[in-house]
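Presented as structure tokens, the chain that follows is alone, the form predicted alone.
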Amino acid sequence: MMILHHAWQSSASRRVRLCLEEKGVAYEGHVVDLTKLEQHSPEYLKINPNGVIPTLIHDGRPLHESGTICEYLDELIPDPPLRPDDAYERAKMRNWIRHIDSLIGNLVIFNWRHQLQKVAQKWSDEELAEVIRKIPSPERKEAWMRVARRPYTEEERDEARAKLIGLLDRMEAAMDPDGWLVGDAYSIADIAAVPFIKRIDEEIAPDQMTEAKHPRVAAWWTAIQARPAYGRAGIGSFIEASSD
């Protein structure tokens, strides 16, 4: 049995759940409560010293990083395949994953202003200092400091929005006639993009998700949401979940 430590709203967790559902793999899900900082607890840091989610445990061995986990699952369970047969196309797939990952900071600007910001802004200076002390990553330390004391400005959101729209432009140009990012089949490259497009469509720039602006991406998004695995992966509304 595989065990997945994840959070429902986490972009990286959504990728891995999508991959698991595409493979039809039974797994035991353990939800990590980010608002309670369970990802920084001593128990969790034992399986993931980076203090981030998700973590997949298989045969007692932990594995981190969503792209790595997805490739591991595809090697372990080759059917249905989620990587191209051609070596060059597989390299293109990995480049897509890296490019999308490089934009995560822009997504954080929108994502963290919801539930996590509401929690962080209530902390005293002493509580915030204790939280920061436990975070392994310098980038995450800065993100928590920002949401707690220096929320991202509208100008920063506009800049981040422009970069995420740039992802749509790049995807639109890359889509082949078959409608996928790499080659002629759905792959981990498409899975990597899903959480970003979900947020763009829901809040960040829904006006760009139209046939008039990005017709190939719009068709791709319709096809993605029609996949049975998408429905099973629990990729619901980010905003509604944040308001619970």
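Residue indices: 1-based, along the sequence shown. Just so you know, these numbers come straight off a predicted model, no measurement behind them.
Here the subject shifts to the form predicted together with a small molecule, a form of this protein not shown in this document.
The three marked residues, H99, M171 and W180, fail to reach the small molecule in the model of the complex, with no heavy atom of any inside 4.5 Å.
The stretch from 23-31, 39-47, 185-193, 210-218 that comes within 4.5 Å of the small molecule in the model of the complex, counting heavy atoms only, is 39-47. In the model of the complex, the small molecule lies within 4.5 Å of some heavy atom of G51. Residue contact check for R140: one or more of its heavy atoms lie within 4.5 Å of the small molecule in the model of the complex.
Proximity of A229 to the small molecule in the model of the complex: non-hydrogen atoms within 4.5 Å are absent; the residue sits far from the partner. In the model of the complex, the small molecule stays beyond 4.5 Å of every heavy atom belonging to A233.
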